[in-house]
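First, one chain by itself: the form predicted on its own, in structure tokens.
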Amino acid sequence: MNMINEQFRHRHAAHCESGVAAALMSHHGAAISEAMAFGLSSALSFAYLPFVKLTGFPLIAYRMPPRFILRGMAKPFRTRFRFETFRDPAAGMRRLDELLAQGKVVGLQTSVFWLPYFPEDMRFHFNAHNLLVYGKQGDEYLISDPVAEEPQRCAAADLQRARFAKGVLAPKGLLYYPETVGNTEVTPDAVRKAIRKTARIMLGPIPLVGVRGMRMLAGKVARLKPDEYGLNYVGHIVRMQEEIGTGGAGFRFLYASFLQEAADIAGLPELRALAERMNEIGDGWRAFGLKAVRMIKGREAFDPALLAGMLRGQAENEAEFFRALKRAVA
């Protein structure tokens, strides 16, 4: 079986779902950057969820949940996505082949661990990795993985295993594609609405979300003991921030890029200065990660109070930033 969408163009991106959203919308005529897809969907966030466990530690996220970016394309582009999951892996693979035969580019949710084109030292059990399939040759699928610089190939058995992995955020064979795209332009109104929504999320009253969630996490870190559990807990924070795809600093840099584009579209030049402030906040998250890693590796004494203070500083910086951002688009 040979099925290839010759019109599709692979695009390298910083993060998987924002990269998939930008590539899909661009393929359907709405030529947007990854940063614009991320910002328009109001995906920037923070959440500290102690009741959701990953390897025994709480879920800490720096963006909204999976599918939020994809669903965020609906209003600004009058787009309707179709999402399908499957109980039977064979049925899920047959459906993928049917859609490819129709010439569609299909998004998939997968587990990184079972994708053979990832180097072994980069594979881990993360079940919310998004990629695009744009064709099939023989037993191999043609993959546009946003975090890869070039298109990849994946054997059917491996892709099936990645699509139907078990565990937290199990993909259940999820595939998706746009059914309709009614608008291909980014409007000033869409930009302003997206910014106001992000500010509401970050400054909202829910204790576990936004800047309040950062402060709760800081309180937890301050109570850690200098023992193995404490070190592993801090290691988990860094892993969630820099490795699992939640992109603590990376998403802040991405949002800064969105604000630079939004300044021109919405006619709000003050967003450029705010973009620089967001870059500085991203630098602060990187500094926190570096300090934590030095402590974990024994290069500095483990100091939970110091790390908690850095987290509180990040929370205050983001609170001030989003209040200023809210005023800019009022």
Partner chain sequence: MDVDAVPQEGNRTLGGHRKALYARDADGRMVLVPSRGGEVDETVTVQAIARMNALADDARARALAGITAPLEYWMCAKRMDVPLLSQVTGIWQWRIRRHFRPEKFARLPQHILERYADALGISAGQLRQLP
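Fair warning: this is a prediction, and the values are worked out from it, not measured in the lab. Numbering follows the first chain given and starts at 1.
What comes next is about the form predicted in complex with its partner chain, which does not appear here.
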Thinking of its partner chain in the predicted bound form, which stretch from 300-308, 63-71, 281-289, 39-47 has heavy atoms inside 4.5 Å of it?
281-289
Its partner chain in the predicted bound form: contacted by all of E149, G235 and L254, heavy atom 4.5 Å:
yes
So in the predicted bound form, does any heavy atom of P205 sit within 4.5 Å of its partner chain?
no
With heavy atoms only and a cut-off of 4.5 Å, decide whether N183 touches its partner chain in the predicted bound form.
no
Is there a heavy atom of L224 lying 4.5 Å or less from a heavy atom of its partner chain in the predicted bound form?
no
Does at least one non-hydrogen atom of F124 fall within 4.5 angstroms of its partner chain in the predicted bound form?
yes
Have a look at G138, P188, G219, G167 for me and say which one sits with a heavy atom within 4.5 Å of its partner chain in the predicted bound form.
G167
